[in-house]
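As structure tokens, one chain now follows by itself in the form predicted alone.
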């Protein structure tokens, strides 16, 4: 019998502690925030519309790049005074591209960011969570980006799936590799549905569920980087005793 998802969550939380995702760099160094804007024990994020815009921007910029590169782009945007969708729309596309250059694919991302800014700017109330299908209809917004936005910027209890999640859950035999579709969007939806069907059995409130989804995604990313990489580092892995895929000790 595979380990349960809640057990995975509790083990990772005990091992790594709260992660404080999504980081909001504009609050870096403030009480409760570390030097990069992570906030392990603060849940009322975003605090302002400027915070929300930074999270939404990061969700687009982090596509196909590391967060370190995104941080550099966010610093450049902040130095230019860009803190809202309307600010982005005031820039030329070439200027925007130059500011977000560290994030890679900067010309493509500039188009996506301007398109997204125009959509958000036209909404009557940007604080109201949009429908998932509305986000997915926007240029350059796929399931992972849409769900990251809903979870971290609009505090909706949506579980974010990424390659780290799929890798960990298949190695733990929680999700069967034989059942996962090859087509990326179908694969995403299949794994997300499988996760939600398991977590929905747990008797937790909606607020607890939001914390669970927020923290579990962050913990899986942390664990993947430290242990469950493409080439796993199984020594001292906190999930080692539950992992059928664990590499033998040298």
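What you see is a predicted model, and the numbers here were worked out from it, not measured in a lab. Positions refer to the first chain, counted from 1.
Another form exists, predicted in complex with the DNA; not displayed. Remarks below refer to it.
- Each of 64, 107 and 183 is positioned with at least one heavy atom within 4.5 Å of the DNA in the predicted bound form.
- Listed residues 159, 164, 154, 119 were compared with the DNA in the predicted bound form; 164 is the one with a heavy atom within 4.5 Å.
- In summary, among the residues 91, 175, 141, 84, the only one with a non-hydrogen atom within 4.5 Å of the DNA in the predicted bound form is 141.
- Note on the interface: of 42-50, 190-198, 22-30, 205-213, the segment with non-hydrogen atoms within 4.5 angstroms of the DNA in the predicted bound form is 22-30.
- Using a 4.5 angstroms limit between non-hydrogen atoms, residue 145 touches the DNA in the predicted bound form.
- Residue 112 belongs to the set of residues with a heavy atom inside 4.5 Å of the DNA in the predicted bound form.
- In the predicted bound form, none of the heavy atoms of residue 130 sits within 4.5 Å of a heavy atom of the DNA.
- When contacts are judged by a 4.5 Å heavy atom cut-off, residue 102 counts as touching the DNA in the predicted bound form.
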